[in-house]
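As structure tokens, one chain now follows by itself in the form predicted on its own.
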Amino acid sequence: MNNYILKIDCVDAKGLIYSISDVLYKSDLNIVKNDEFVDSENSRFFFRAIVSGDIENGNLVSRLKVVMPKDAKITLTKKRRKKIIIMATKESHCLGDLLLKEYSDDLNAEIVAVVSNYDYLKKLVDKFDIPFHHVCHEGLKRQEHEEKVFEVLKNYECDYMVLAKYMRILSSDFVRYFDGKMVNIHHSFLPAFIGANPYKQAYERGVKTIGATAHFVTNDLDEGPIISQDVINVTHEFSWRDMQKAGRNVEKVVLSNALDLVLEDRVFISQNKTVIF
């Protein structure tokens, strides 16, 4: 038997759990595990279940739609190893961590390609026998560069895009194409410290906490729905380079944790927030 992930997002109403369970039971399916949450403020119901059995996808979703509120968003996905494309620039820490995790079978995904606007990381990626594509942005307008990136991307099937310290602002068209499917990581200093060396700025201000945020990409720069965050404490004994090293370690952990959640279909996007089981 196969395992599937069933996700439902709809307006809250009485009897939803009963209705879902009844359809699954009559379809000769077993609920291995389920979670639900009601956002009382917005009257939204969220449900995720691991379902075991032989499923005819379209038929089951159709049966559920009959008993669910009209606005219900229902997805049924067979549990499988997802495919991701990583976009990077010059920094290697997040990319290297994901490459090692996939090599060690600790990443629930296949990295099908790495795309970068510089060639700095090619030697690193080549060590893992993963296609590396250098799409130079120099001398090109943003739209022109993204068209070249799309020419590369269309050669691959992927479930998610991962921005592993990709330092280019993406156009609204690019973001829209990967809506809800693109994950980014950044340090926690935004918007206080921007520019090329935020850690040096933070050091000069005597910052005592360093953190990172992983989120879905939207047109609001670095303000998309948050998936995972973490922080560590630093002291006056840290140089700005010590802070930078510590910050990169946090970024690796937060991005990895966020991807685990996303790749296991545990994340719902609700307006500009997430519900995570």
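Computed from a prediction, not measured in an experiment: that's the story for all the values here. In this text, rigid core is short for the largest set of C-alphas that superpose within 1.5 Å between two forms. One-based numbering along the sequence shown.
Quick note: we don't show the form predicted together with another copy of the chain, though the next part is all about it.
- Taking the partner from elsewhere, I5 is found to have every heavy atom lying beyond 4.5 Å of another copy of the chain in the predicted bound form.
- Another copy of the chain is not shown here, and in the predicted bound form it never comes within 4.5 Å of any heavy atom of S172.
- With a 4.5 Å cutoff on heavy atoms, E56 does not count as touching another copy of the chain in the predicted bound form; it lies far away.
- Taking the partner from the other structure, another copy of the chain in the predicted bound form has a heavy atom within 4.5 Å of a heavy atom of E204.
- Residue-level contacts in the predicted bound form: of L100, V152, L140, M167, one residue has a heavy atom within 4.5 Å of another copy of the chain, and it is L100.
- Candidate site formed by H133, K148 and I269: none of these residues places a non-hydrogen atom within 4.5 angstroms of another copy of the chain in the predicted bound form.
- Heavy atoms closer than or equal to 4.5 Å to another copy of the chain in the predicted bound form belong, across 241-264, to the residues K245, R248, N249, K252, V253, S256, N257, D260, ordered by sequence position.
- Put the two forms on the same core and the Cα of E237 is off by 2 Å or more between the shown form and the other one.
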